[in-house]
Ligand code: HEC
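Have a look below at one chain only, the form predicted alone, in structure tokens format.
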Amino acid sequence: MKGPHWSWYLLIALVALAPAGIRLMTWPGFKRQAPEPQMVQAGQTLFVHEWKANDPLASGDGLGPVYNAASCVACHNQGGPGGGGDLTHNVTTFVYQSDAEAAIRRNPREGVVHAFAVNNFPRETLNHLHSDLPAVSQPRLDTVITLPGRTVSSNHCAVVRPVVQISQRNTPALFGANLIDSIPDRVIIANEKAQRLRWGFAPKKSEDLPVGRALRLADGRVGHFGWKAQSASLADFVQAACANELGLGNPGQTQPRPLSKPYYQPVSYDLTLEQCDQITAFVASLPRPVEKLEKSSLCSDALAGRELFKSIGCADCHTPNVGNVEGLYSDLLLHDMGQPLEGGGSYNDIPPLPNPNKPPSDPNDPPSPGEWRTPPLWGVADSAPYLHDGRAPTLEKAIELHGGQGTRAARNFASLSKTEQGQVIVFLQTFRAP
């Protein structure tokens, strides 16, 4: 006996999703407000300011006591203040869980190994996490992972897995962040539903199909920013970065507990909420990246590359437009990129304990080590190196290293002729910093 025709399943799906689609199309749009010029100017001063211990601009003890940089612009500088950064300012993260903790199923501790410390304050080192790890504060990327084309370093930092897992994060560009901040949660969730529908209601944590998921935070908001989509708003992102990268505690994010002195108590908040809002206003004022062709002779190649980019599946995740934001080339969803690209750790010291009554694929689950928010591609021509830790020096290598849900697109790219691959790269090189 023949089963129902596939068209019946499609009709049922369309009927089921029709009410949500109508609500989505008729929902009022989000109106962006331009930051006030005075706030932007004050925020720019704070963004480029080189902070010091007991800094007069701080309410508490100023910079540190542990930190990764003395200013925001020290890391965010490619293409101008607010851009990405090179490998020298990679942030080292960790996930630690002792055998005893694992035995009682406690969540592992997560955090950052800070590169520097003020005055005579003891610096954090990997050795604070495990005695088998080297006493270094700022390990090179090639000691954390095996870079493409290189052998494992003799001082490799992954020797004590799975007790301690070390990874790194490369500095993301902040251009156009106000536009990303303006995208309503419902639009990101709509992307999630559309991908599931396209791939036959595949699970959100599919191992090979490009089906992403919106990260719902504990308060119900959807993550917009960060490599793991851990921040729901630009203000949250700025406050977390100030506390964790500069050691400037604030009402939105307290300073992390130093690994070298876990009982250290900060004097008070270093930044006021107004100062955080000023920095946020400056970041929000940064213009969006532009699409610009450096040589008019490459116009035909760029146009051909745009079509190839779509046909080989890159646009499945790097969606050109999200809501009213055009040229973003990201769905802002988490996608599992496979075991070689796994990396744990976060700003948060101890993540919330999972609810044992939740199903294993609950959308509120925290990101897995292999899940990453699709990074926007606008400005990508001026933001090398690539991937979450900067392991890919070129766009070609970044595409080649895509695994998991990105495997299909990577294989399709590899099957193109050298001329066609070059056309895709020419297309991507039109995405310039503003």
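Only a predicted model underlies this, so the values are computations on that prediction, with no experimental measurement involved. The first residue of the sequence shown is number 1, and the count goes up from there.
As for the form predicted together with this ligand, it is not shown, yet the points below apply to it.
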| query | finding |
| --- | --- |
| Proximity to this ligand in the predicted bound form (heavy atom, within 4.5 Å), stretch among 253-261, 124-132, 73-81, 185-193 | 73-81 |
| Leu217, Ser285 and Ala433 all contacting this ligand in the predicted bound form, non-hydrogen atom within 4.5 Å | no |
| Touches this ligand in the predicted bound form: Leu395 (any heavy atom, 4.5 Å) | yes |
| Contact label in the predicted bound form: Pro210 to this ligand, heavy atom within 4.5 Å | yes |
| Contact of Ser167 with this ligand in the predicted bound form (heavy atom, 4.5 Å) | no |
| Interface membership of Val91, this ligand in the predicted bound form, 4.5 Å heavy atom rule | yes |
| In the predicted bound form, residues of 209-244 near this ligand [heavy atom within 4.5 Å] | Pro210, Phe225, Gly226, Trp227, Gln230, Leu234, Phe237, Val238, Ala241, Cys242 |
